[in-house]
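Before any questions on binding or motion, here is one chain by itself as structure tokens, the form predicted on its own.
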């Protein structure tokens, strides 16, 4: 599994690519915890720093953070339940600069009584930024939680021109 790490406006960004596609996008403040998280998620994978696929993924993610359209889109290697993958797919339909509530997201996938399950799927999202769970807020408009920290969520929304 190739991975690359780059400094961004959000701190460090780690992108990992398996033979099937982009499988992890992690955010953090230091390299060691990011690598530990990657190893925890993929304990059986040999991790190769600085490979072509990892660097290509980083370039794509940095372009996304800057609001640019990506010329090439990497395939995704999302590992999750059918429900989680439905949530993640719907998250990618939320336009840059927009936010919705967990309840609205649940309704969009045909599960209007499952906002807590939707929130759980958001918390398990393996592809930060690519699958923009940061665009989901509480029904009162509050930012709520974010695996990578509420301040990063606020900065992502500000960069995208959304309200926070």
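In this text the structure is predicted, and so the values were computed from the model without any measurement. Numbering follows the first chain given and starts at 1.
There is another form of the same protein, the form predicted together with the DNA; it is not shown, and what comes next is about it.
- Position in contact with the DNA when the complex is considered in the predicted bound form, options 114, 60, 27, 35, heavy atoms within 4.5 Å: Of the candidates 114, 60, 27, 35, 114 is the one lying within 4.5 Å of the DNA in the predicted bound form.
- Message: Only one of these stretches, 27-35, 122-130, 45-53, 60-68, has heavy atoms within 4.5 Å of the DNA in the predicted bound form; which one is it?
- Response: Checking each option against the 4.5 Å cut-off leaves 122-130.
- Heavy atom to heavy atom, is residue 145 within 4.5 Å of the DNA in the predicted bound form? Yes, residue 145 sits close enough to the DNA in the predicted bound form that at least one of its heavy atoms falls within 4.5 Å.
- Task: Using a 4.5 Å heavy atom cut-off, state whether residue 139 contacts the DNA in the predicted bound form.
- Result: Residue-level check for residue 139: yes, a contact with the DNA.
- Query: Within a 4.5 Å heavy atom cut-off, is residue 101 in contact with the DNA in the predicted bound form?
  - Reply: Residue 101: yes, in contact with the DNA in the predicted bound form.
- Query: Is any part of 74-90 within 4.5 angstroms of the DNA in the predicted bound form by a non-hydrogen atom, and which residues would that be?
  - Reply: Residues within 4.5 Å: 81, 83, 84.
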